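Single chain ahead, written as structure tokens, the form predicted alone.
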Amino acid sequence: MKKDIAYLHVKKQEQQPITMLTCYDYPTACMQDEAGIDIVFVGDSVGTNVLGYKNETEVTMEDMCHHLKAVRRGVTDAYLLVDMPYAADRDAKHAVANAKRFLSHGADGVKLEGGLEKVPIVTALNEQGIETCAHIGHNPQIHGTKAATHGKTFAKAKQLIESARALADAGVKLIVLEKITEEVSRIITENLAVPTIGIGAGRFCDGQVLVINDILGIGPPLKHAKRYQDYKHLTFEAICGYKEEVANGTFPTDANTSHISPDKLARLQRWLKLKS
């Protein structure tokens, strides 16, 4: 069954946690979809996790479209969300044009970073029927890679709550809460009709999102994430094993080899002899 916004909203109403993971390629998309992940998310973290960029501000629309199309080929059932890269939503005109480009490549919705300043952008997208996910708290495009926890003071907590309400009123369908104190995230979640998706925002959001690299153990350990596999170590071991076996001649073996039949080989050798 293809998951849509209505499906995700029902999950909130029924208090069923929503699952969301970043994804940057076709094979991973196939696995996430088969596993039943609700939201497969092509994040601009592709820049630092896959493309070798220093930060997310280097990611372009072309980068995002390339990876979106790859992920789209692997997704059948999940809701497919994609990040608006840095400056792609700098004004309503550009935001609508870029969002429509993503939809043409198979995205179900777009995510944008920012608080109250993004209300006019969200309004414009909503008027065009484009499903939008907001992202408040820590915003990598704005705050950089060094993440601080948001919502520790009354003023900051109030600002986050007001931003969430304004974005919901403007028409967002989902809100990502990143690096926000658990108490403030809970208040936002309990006072909004739209689902909240947390990352480093505690236990009381309607769903959780993590970066695929972090759950696989590719990058450094992070407090807000959990490693479910040691992909980096296991993959390095496999590469070293391959290198060693090729170097010492134990790979390939006959089991990895195909053969021509003896009679055809004999005929080929006779032909070669005549040619020499």
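Here the structure is a predicted model, which is why all the values come from computation and not from measurement. One rule holds for the numbers: they count along the sequence shown, beginning at 1.
Omitted from view is the form predicted together with a small molecule, to which the following refers.
**Q** May I ask you to choose, among Leu125, Ile136, Ile199, Val184, the residue with a heavy atom within 4.5 Å of the small molecule in the model of the complex?
**A** It is Ile199 that has a heavy atom within 4.5 Å of the partner.
**Q** Here the chain is shown alone; which of Leu167, Ile180, Val176, Val71 has a heavy atom within 4.5 Å of the small molecule in the model of the complex?
**A** Contact with the small molecule in the model of the complex is made by Val176 alone.
**Q** Using a 4.5 angstroms cut-off on non-hydrogen atoms, would Val211 count as touching the small molecule in the model of the complex?
**A** Contact check for Val211: yes, within 4.5 Å of the small molecule in the model of the complex.
**Q** Looking at the partner-bound form in the model of the complex, is Lys111 within 4.5 Å of the small molecule by any heavy atom?
**A** The answer is yes: Lys111 has a heavy atom within 4.5 Å of the small molecule.
**Q** Contact with the small molecule in the model of the complex for Ser45, defined as at least one heavy atom pair within 4.5 Å: yes or no?
**A** Judged by the heavy-atom cut-off of 4.5 Å, Ser45 is in contact with the small molecule in the model of the complex.
**Q** Given that the partner is absent here, state which listed stretch (246 to 254, 36 to 44, 215 to 223, 233 to 241) has heavy atoms within 4.5 Å of the small molecule in the model of the complex.
**A** Answer to the contact question: 36 to 44.
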